[in-house]
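As a starting point, one isolated chain is supplied in structure tokens, in the form predicted alone.
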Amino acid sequence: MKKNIKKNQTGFLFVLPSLLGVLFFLVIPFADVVRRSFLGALSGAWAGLANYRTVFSNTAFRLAAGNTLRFEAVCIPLLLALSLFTALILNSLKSHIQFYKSCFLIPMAIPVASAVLLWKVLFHERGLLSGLLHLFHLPGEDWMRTPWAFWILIASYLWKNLGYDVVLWLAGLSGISPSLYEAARVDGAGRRQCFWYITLPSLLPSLFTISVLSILNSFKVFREAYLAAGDYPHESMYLLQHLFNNWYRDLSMDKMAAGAVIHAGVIFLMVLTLKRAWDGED
């Protein structure tokens, strides 16, 4: 008994520095943001829910929130499906799998500034895409200032994060015992039956982790969008991060605090919904 207590205390001491870092750099600052969301920006007086009403009635917030939810609804299913399909293909290869995994991870190593420069070379009014269209006597345009900007942003997110999810899927696939497939084939199961009744059920724990990480990573796409289009991009790709950046520049701390709390609450509900869905499957 004493040995177990001592072992637990030793483990707690190893984790303690990380816990203190999370407490001082995340929990306490966020608690202060929650407090400020109920106060006036200048007077510091109690404002109640006035800041939240102001945020919800703000046209820019509704536009940014709608675009962000639309981005999530399109990107996450596409990324999960494409990465799983790619991982299945790589897992079926008998050789050079490490080389292919490294190739898919290269976009994550490319600096954001370089990726933005690639965007501008491709999608500027005088870029490669417009030049290609001119060869067929079609008009070119500044694609980042058109509704196509939203789909360019989605393509950039998929390109940059596909390899990360592929590696996670491959880790889940490596944990499935080959004997399960051998037994299924002996009983006459084909590839489709093996996929639906062995592979997918075995990947459910990985699916939860990958879904959560993909959602969190999707909120980092603002860097590319901001560098490519500035503070006020085309309205189709005006995200919540653009809005928070503009509020910060204007020192609208009350609105920014209330918006941040709403933003964090939505992310928490999304993760909690996924968790309950997975618990129900179990």
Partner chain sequence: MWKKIMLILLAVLAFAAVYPICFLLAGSLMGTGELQENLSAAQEGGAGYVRMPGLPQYPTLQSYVELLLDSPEFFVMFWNSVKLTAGILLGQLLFGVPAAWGFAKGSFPFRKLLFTIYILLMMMPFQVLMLSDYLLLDTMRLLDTHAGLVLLSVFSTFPVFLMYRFFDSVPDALVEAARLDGASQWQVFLYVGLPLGSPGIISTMVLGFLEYWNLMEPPMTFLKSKQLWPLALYLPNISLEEAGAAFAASVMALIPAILVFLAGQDYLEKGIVAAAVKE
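Residue numbers count along the first chain shown, from 1. Think of the rigid core as the biggest set of C-alphas that the two forms share within 1.5 Å after superposition. On a predicted model such as this, the values are computed, not experimentally measured, just so you know.
As for the form predicted together with its partner chain, it is not shown, yet the points below apply to it.
Q: Within 4.5 Å, heavy atoms only, which of Ala229, Met256, Ala65, Ala47 is in contact with its partner chain in the predicted complex?
A: Of the candidates Ala229, Met256, Ala65, Ala47, Met256 is the one lying within 4.5 Å of its partner chain in the predicted complex.
Q: Consider the chain as shown here, without its partner, and state which of Leu168, Ile154, Met144, Leu79 has a heavy atom within 4.5 Å of its partner chain in the predicted complex.
A: Answer to the contact question: Leu168.
Q: In the predicted complex, does Arg70 have a heavy atom within 4.5 Å of its partner chain?
A: No - in the predicted complex, heavy atoms of Arg70 and its partner chain never come within 4.5 Å of each other.
Q: So in the predicted complex, does Cys75 come within 4.5 Å of its partner chain, heavy atom to heavy atom?
A: No, Cys75 sits far enough from its partner chain in the predicted complex that none of its heavy atoms falls within 4.5 Å.
Q: Wondering, does Phe195 line up within 4.5 Å of its partner chain in the predicted complex on heavy atoms?
A: Answer no; every heavy atom of Phe195 is more than 4.5 Å from its partner chain in the predicted complex.
Q: Leu84 near its partner chain in the predicted complex, any heavy atom under 4.5 Å?
A: Leu84 lies outside the contact set for its partner chain.
Q: From the candidate stretches 195 to 203, 145 to 153, 118 to 126, 176 to 184, select the single one in contact with its partner chain in the predicted complex, where contact means a heavy atom within 4.5 Å.
A: Comparing against its partner chain in the predicted complex, the contact stretch is 118 to 126.
Q: So which bits of 30 to 44 sit within 4.5 Å of its partner chain in the predicted complex, heavy atoms only?
A: Going through 30 to 44 in order - heavy atoms within 4.5 Å of its partner chain in the predicted complex - the hits are Phe30, Asp32, Val33, Arg36.
Q: Superpose on the rigid core, then tell me if the C-alpha of Ser202 is displaced by 2 angstroms or more between this form and the one not shown.
A: Comparing the forms between this form and the one not shown, which are aligned on their rigid core, Ser202 does not shift its C-alpha by 2 Å or more.
Q: Taking the rigid core as reference, does Gly230 move its C-alpha 2 Å or further between this form and the one not shown?
A: Stays below the 2 Å threshold, so no.
Q: Align both forms on the core first, then report whether Val27 has a C-alpha shift of 2 Å or more between this form and the one not shown.
A: Yes, its C-alpha moves 2 Å or more.
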